[in-house]
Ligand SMILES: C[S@@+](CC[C@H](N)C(=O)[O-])C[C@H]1O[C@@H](n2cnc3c(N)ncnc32)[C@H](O)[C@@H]1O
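Let's start with one chain on its own, the form predicted on its own, as structure tokens.
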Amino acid sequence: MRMRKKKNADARLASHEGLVLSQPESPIEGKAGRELYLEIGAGKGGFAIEMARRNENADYYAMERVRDCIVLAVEKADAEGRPANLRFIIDGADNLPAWFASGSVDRIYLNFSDPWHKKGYFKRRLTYRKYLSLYFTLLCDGGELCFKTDNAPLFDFSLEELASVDLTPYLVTRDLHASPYAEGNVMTEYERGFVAEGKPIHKLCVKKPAGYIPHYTEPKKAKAEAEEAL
């Protein structure tokens, strides 16, 4: 569902000085003694705010390309007591190298990403091999990627894409809330709705092996053309 345009968005963002980053000055390298967490597709910010609270010794960056979502996220953050370690970034995943240095990120979260379900749109999915290679360039050795979705076909696609870049998850569940991994889980706004509807939540986590060099090969044209919608 498309987010409605917010009135006075620029003024509303400007009133939350220091919480929003819109232009990278130089790639963020992280601070000594502190971990760096990155969420891509932060939506209305509920997950980011709670994760920043729970991880005071980490710097948490929440990226969202939809400006109107960021308006709601920063207003929520300040209304609930802004965590000092939280920053929002208005941008998309394609620009990640401008924001973060290689090997600087300890953990990346992808929560309920757009499945881009139409035929031929698979390269836009945030778990497509091009993006996975980008994430694992930014991650430090031992850093991890965690992905949650309600969409079973997207989850299957994501597992296949991980295999295509020689990565194997250490955690895979197709019903998070009925699994041992539910303890300590932070829910997003979307997740609360899906759980209320009785939909199972799928989750995977994968670590970057020491010395791993990300690489990917584009699928052959015939396979790409045959890619089905989710």
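Values in this document were obtained by computation on a predicted structure and should not be read as measured data. Throughout, we count residues from 1 along the sequence that is shown.
Not pictured, yet referred to below: the form predicted together with this ligand.
For the three residues S133, G143 and V206, a heavy atom within 4.5 Å of this ligand turns up in the predicted complex in no case. Among the residues M51, L176, I28, I40, the one placing a heavy atom within 4.5 Å of this ligand in the predicted complex is I40. A heavy atom within 4.5 Å of this ligand in the predicted complex is found for one listed residue only; from V165, C69, V195, A58, this is C69.
The stretch among 28 to 36, 41 to 49, 195 to 203, 167 to 175 whose residues place heavy atoms within 4.5 Å of this ligand in the predicted complex is 41 to 49.
Within this chain, G103 is remote from the site of this ligand in the predicted complex, having no heavy atom within 4.5 Å.
Taking non-hydrogen atoms only, F155 never approaches this ligand to within 4.5 angstroms in the predicted complex. At the 4.5 Å threshold, heavy atoms of L86 stay clear of this ligand in the predicted complex, well away from it. This ligand in the predicted complex comes within 4.5 Å of a heavy atom belonging to F112.
Residues are counted as partner-facing when one of their heavy atoms sits within 4.5 Å of this ligand in the predicted complex; in 149 to 173 not one qualifies.
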